[in-house]
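The chain below stands alone and is given in structure tokens; this is the form predicted alone.
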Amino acid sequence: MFATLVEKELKSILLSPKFVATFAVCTVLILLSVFVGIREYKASIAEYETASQLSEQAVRSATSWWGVSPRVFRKPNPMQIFSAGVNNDIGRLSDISTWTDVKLRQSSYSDNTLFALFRFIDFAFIVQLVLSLFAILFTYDAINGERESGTLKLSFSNAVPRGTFVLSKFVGAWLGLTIPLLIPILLAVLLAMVMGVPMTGVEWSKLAMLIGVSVLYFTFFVMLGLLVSSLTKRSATSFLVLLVIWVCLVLIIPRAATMAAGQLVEVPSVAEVESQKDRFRTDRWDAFGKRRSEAWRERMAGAEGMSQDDRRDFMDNNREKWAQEDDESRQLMEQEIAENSRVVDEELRNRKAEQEQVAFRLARMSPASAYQLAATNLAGTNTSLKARYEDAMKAYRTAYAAFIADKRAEEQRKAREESSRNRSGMRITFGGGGDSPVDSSEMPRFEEPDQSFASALEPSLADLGLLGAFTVLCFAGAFIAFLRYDVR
């Protein structure tokens, strides 16, 4: 009996004209979104490689370490094809310098404002909006539709347990909708393979998990349709109720949660943070300039009353020591500035993290938000993407600053020795320079932050649990509601 009911439900779905239209639309949308995503990813890779080569060429052409100012670029992630997340919103590069802080800038949307307005359509977007709506379209009349047509009363003229009937409805609807929709998904995966997207084993695992989460999210809306159909007598009523619920879950709750979190947790603006850093940096440089002027007057006090030749000898004999003292004082000052920037950035990040956690907790009342968070976590395009790259860039900046300080000190020492030999008098030299370029192979290399499958899955477990819980609750509700349903 159960198999017969499932077969009946399958035929009802597969032979329906709206299934053909739905399947065609989903196939076109999924394949087109993946194809466009692959093209955009390859264009981003080409831009990334070209920009990296130009930056390395600029470093190799410098004749002094004082003229070296490298840039670090964020490497595109192939998983952005399926779930873009914040990938296009955050910056793509940052200058690495001892004078400025690390900050990603020049996002894709800042260069292409049209896409910032209308956004890209990726696989996760299609699942979240389109497929969830199609699931409602096929299940809003699963129970009350049969009651209106009279087939429900006819079915229960036989000895059919109500639990078996509602379970067969779910299984038939799930098989009839999910399995055919896996065809365009698998075709999209095949398209990525044919077009040569460089996916590692970890990324294939993330993609497989993303597809599984998408199926679970789709299952929730199938169960939601059965629940509402079991609670209403007319299919028109259930469709209207489901449409209102869909709008609230998919469109309103995620945005309302973000707005509420913005009011509950105050985060200083970027302008306020930068102003705080600039004030501290300016004060420290002013204090450094004053200390240097006072130190110079104290040093030259020992040369009072000397002849010009004696004064020159006095300066030549002490220049190395004075330069070392100035370098040490400057390095201490730069460390203070860097430490202040780190503390300010850490406070800002903590406030943002607190605001995000509040927003996520409120947004997770909606399965659509739980799915979006799980998808971006698995794809590595979640809100922590910027922090991961900036942390890696700051670690690289620390190593670079230590390296460049040694190289510039060496150049200054050589310049002072040359100045002393030429007896060219007192002058400030910022680097020796020369005709030959610097040896850039000695520079430390930036290492991309790596995200393992476990680290991507861990923050998604809560969202997976919520999706599973929502689905089970809907099924339990539909089961209980149908036990009391009037089939007449």
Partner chain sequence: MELQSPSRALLEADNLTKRYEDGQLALDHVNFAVAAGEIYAMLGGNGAGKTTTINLFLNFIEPTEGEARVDGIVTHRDPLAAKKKLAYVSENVMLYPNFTALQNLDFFARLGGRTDYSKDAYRDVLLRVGLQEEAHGRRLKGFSKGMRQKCGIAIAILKDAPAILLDEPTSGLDPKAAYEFIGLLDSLRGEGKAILMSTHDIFRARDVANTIGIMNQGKLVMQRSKQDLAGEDLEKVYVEYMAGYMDRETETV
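What you see is a predicted model; the values in this text were computed from it and never measured. Residue numbers count along the first chain shown, from 1.
Keep in mind the form predicted in complex with the partner chain is missing from the figure; the text below concerns it.
This chain lacks the partner; the member of 342, 153, 297, 351 within 4.5 angstroms of the partner chain in the model of the complex by a non-hydrogen atom is 153. Checking 472, 25, 15, 480 for any heavy atom within 4.5 Å of the partner chain in the model of the complex turns up a single hit: 15.
Picking from 99 to 107, 197 to 205, 160 to 168, 282 to 290 the stretch near the partner chain in the model of the complex, with a 4.5 Å limit on heavy atoms, gives 160 to 168.
In the model of the complex, the partner chain lies within 4.5 Å of some heavy atom of residue 149. Scanning 1 to 34 for heavy atoms within 4.5 Å of the partner chain in the model of the complex gives 1, 4, 5, 8, 11, 12, 15, 16, 17 in sequence order.
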